[in-house]
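Only one chain is included here, represented as structure tokens and corresponding to the form predicted on its own.
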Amino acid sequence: MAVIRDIMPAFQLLQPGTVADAQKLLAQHDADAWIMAGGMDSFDWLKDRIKRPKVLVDLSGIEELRGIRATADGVEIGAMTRLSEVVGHPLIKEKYGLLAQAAELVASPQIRNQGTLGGNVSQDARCWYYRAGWPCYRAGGNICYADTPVGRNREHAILHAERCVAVNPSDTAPALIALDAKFVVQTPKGRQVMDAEHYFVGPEIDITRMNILRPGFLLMAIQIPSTWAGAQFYFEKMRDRNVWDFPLLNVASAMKLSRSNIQDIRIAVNAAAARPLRLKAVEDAVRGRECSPATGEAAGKLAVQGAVPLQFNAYKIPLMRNLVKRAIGGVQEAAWAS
């Protein structure tokens, strides 16, 4: 387990006031720079002295990275917008309530008042071997300590595990995928806009990262189109404790109904794999079918096909199956009540 030392290593603190200044600093310091948003993930690394950056670039003074703005085709949320602002914003609550639900279940009120939306989707794996500085695959070694006969892997992956079995811990990520959000990333070569699901990477692509961010990259904003505004939403998070804990599993769905039939749907889960998973096979299977318990049951079974449990996390398979089932049944109940 991690030894909390609470004494951070020395580094140079840089606090740019504009995106342009931040870009110059990131270009100047390249791999020596550590980007800090709300600091919830960063301070853990620094206090444990596992990460020792030479330069820390604090984005908290860049106002252009904050705020929630209505656009011609939806809403744009600055990456440095606090989670508590996302939870309470009238436009998000009215039209994109799925994101508000997910953000409200992140950690505790104190952390939501400091943590940012960009930080929540960009945080690193929480595997205790990795966080404690063990030389595992993700840290550049040649072993996964969690995936051994004596490894502790209750919170780890059941899908798409390749060498590393750590999972993505974000609550807002599956909600943004279900809402078909776009991530705006500033790179040294220019600005890129990508689908939310393509922001995240698994170990088969790069075992040392959980997203596409590299030295010099900066997450600017998250855009949510109006396509799913006002749809029927469902979000559920399973965790050991009702406050603070990371998800054992979570699910997010956005559904459009035509009477009792599923006209269209997007559904995603997280904490089942190293990246949030959009369940396209489930979407295709239930689209056009009646929104019923039988459809939910079939969807749940389909969702866990190919799941491989580790020594201590077999419970995640029936848990994921039932979460997906409820994500469809829960939307159905909400629709009937409206």
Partner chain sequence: MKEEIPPSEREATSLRLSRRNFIKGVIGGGVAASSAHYLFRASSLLGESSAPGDRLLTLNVNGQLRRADVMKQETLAWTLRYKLGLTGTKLGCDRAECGACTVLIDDVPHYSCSVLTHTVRNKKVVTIEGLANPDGTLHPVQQGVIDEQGFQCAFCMSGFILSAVGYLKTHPNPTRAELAHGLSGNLCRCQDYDKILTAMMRGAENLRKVSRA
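Keep in mind that this is a model prediction, so the values were computed, not measured. Positions refer to the first chain, counted from 1.
Not on display, but discussed next: the form predicted in complex with its partner chain.
Its partner chain in the predicted complex is not approached by Arg289, whose heavy atoms all lie more than 4.5 angstroms from it. Not displayed here, its partner chain is kept clear of Arg278 by more than 4.5 Å at the level of heavy atoms in the predicted complex.
Remark: Pro109 counts among the residues lining its partner chain in the predicted complex, judged by a heavy atom distance of 4.5 Å or less.
Taking the partner from the other structure, its partner chain in the predicted complex has a heavy atom within 4.5 Å of a heavy atom of Leu14.
Interface residue among Ile68, Ala298, Leu310, Leu56, judged by heavy atoms within 4.5 Å of its partner chain in the predicted complex: Leu56. The partner is absent here, but in the predicted complex a heavy atom of Gln114, alone among Gln186, Asn261, Gln223, Gln114, sits within 4.5 Å of its partner chain. The candidate stretches are 298-306, 279-287, 265-273, 42-50, and the one lying within 4.5 Å of its partner chain in the predicted complex by heavy atoms is 42-50.
Contacts between stretch 243-279 and its partner chain, counted in the predicted complex as any heavy atom lying within 4.5 Å, involve Val243, Trp244, listed in sequence order.
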